[in-house]
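What follows is one chain in structure tokens, specifically the form predicted alone.
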Amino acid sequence: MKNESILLISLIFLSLLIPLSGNKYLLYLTLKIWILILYAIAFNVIFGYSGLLSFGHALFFSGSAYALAILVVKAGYSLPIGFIAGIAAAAVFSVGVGFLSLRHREIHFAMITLAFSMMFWGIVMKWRDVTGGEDGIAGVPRGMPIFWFYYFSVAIILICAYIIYSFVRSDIGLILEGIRENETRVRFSGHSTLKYRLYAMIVSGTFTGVAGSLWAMLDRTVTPSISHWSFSAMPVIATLIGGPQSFLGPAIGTVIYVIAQDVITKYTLYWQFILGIVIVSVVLFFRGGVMGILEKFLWKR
């Protein structure tokens, strides 16, 4: 825990210096990483701690982004109202999807969440009058210069990460880990596994919504690409790279994923193939991810 705290403080301190560099692309890329870190950490509540693989988190992410964009750009509401409404929309979606899907397990749960996500993608693509179809919705305001928006977003993300950390370290989080390891034993102890997994889904979906609203404000455009199933795969890949059994694992995996994608695409169009080799290697030979490697070989020394 001490080593994780040192690593976390060091990364935060270095990232806070990015806006001072004056490099706009580096600023944008770093803020994108921060937002996707929150996305991955929120996803890991349902994956790493509850033991369920979701392929539908793009629904919560894009649902929040589209709710903000529609209310602010098309309906003329203020940005704070749109931001809160976007998060509320993600929370509502997580309740609905969780209630309908959590009675199923393993591949069935994954496929149901995928179906909900692709259903929303179809709505976004076809309902052009509201969502803009393939063109999306442009002109989403940030409400402040990107220099200050960077620090605002980082502050929001750190607060959300702390709340998620407190949740997974609470009694509910311990019960979720027990369900992940032995669901039958937890059920016989008198706990409702469905209820606790619904708690996890709501927390995961709501904070994914925070990331979605921040993303809409950063890009100032919302497009169907963030509601596609491939965007649901992003936190899965990042979590596998970093390690699902560590709270910082998804964050480290996100940094590696985004930077690797940014660097590899400069040299080849087949970056997915190279990244796929890395992911398969990590899953087969390093089951604990990057954080597992650090804990095993470096921090113990």
Partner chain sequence: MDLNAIAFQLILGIASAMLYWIVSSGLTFTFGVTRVLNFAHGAFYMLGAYFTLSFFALTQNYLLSLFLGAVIVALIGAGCERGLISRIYGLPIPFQLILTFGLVLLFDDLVRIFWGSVPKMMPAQFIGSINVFGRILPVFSLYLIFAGVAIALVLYFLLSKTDWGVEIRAITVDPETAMCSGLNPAFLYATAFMFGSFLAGLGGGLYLPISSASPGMGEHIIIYAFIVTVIGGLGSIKGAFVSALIIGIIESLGALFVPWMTIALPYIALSAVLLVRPEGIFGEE
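Numbering follows the first chain given and starts at 1. A quick note: this is a predicted structure, and the numbers were derived from the prediction, not measured.
Another form, the form predicted in complex with its partner chain, is not on view; read the next lines as being about it.
**Report entry** Whether W229, V236 and V283 all lie within 4.5 angstroms of its partner chain in the predicted bound form by heavy atom
**Finding:** Yes, because W229, V236 and V283 each have a heavy atom that approaches its partner chain to within 4.5 Å in the predicted bound form.
Query raised in the report: Is I279 a contact residue for its partner chain in the predicted bound form, using a 4.5 Å heavy atom cut-off?
Result: I279: contacts its partner chain in the predicted bound form.
Query raised in the report: Is there any non-hydrogen atom of M119 lying within 4.5 Å of its partner chain in the predicted bound form?
Result: The answer is yes: M119 has a heavy atom within 4.5 Å of its partner chain.
Requested in this report: Considering only heavy atoms, tell me if L29 and its partner chain come within 4.5 Å of each other in the predicted bound form.
Outcome: So L29 does not count as contacting its partner chain.
Query raised in the report: Even though its partner chain is not shown here, does I70 get within 4.5 Å of it in the predicted bound form, heavy atoms only?
Result: Residue-level check for I70: no, no contact with its partner chain.
Requested in this report: Could you tell me which stretch in 209 to 217, 119 to 127, 75 to 83, 160 to 168 has residues with non-hydrogen atoms within 4.5 Å of its partner chain in the predicted bound form?
Outcome: Of the options given, it is 119 to 127.
Query raised in the report: Between the options Y49, F55, F247, W34, which residue brings a heavy atom to within 4.5 Å of its partner chain in the predicted bound form?
Result: Contact residue from the list: F55.
Query raised in the report: Just one of L114, I156, L198, V92 has a heavy atom within 4.5 angstroms of its partner chain in the predicted bound form, so which one?
Result: Selected residue: L114.
Report task. Check each residue of 86 to 109 against its partner chain in the predicted bound form and list those with a heavy atom within 4.5 Å, in sequence order. Result -> Residues within 4.5 Å: L100, R103, H104, E106, I107, H108.
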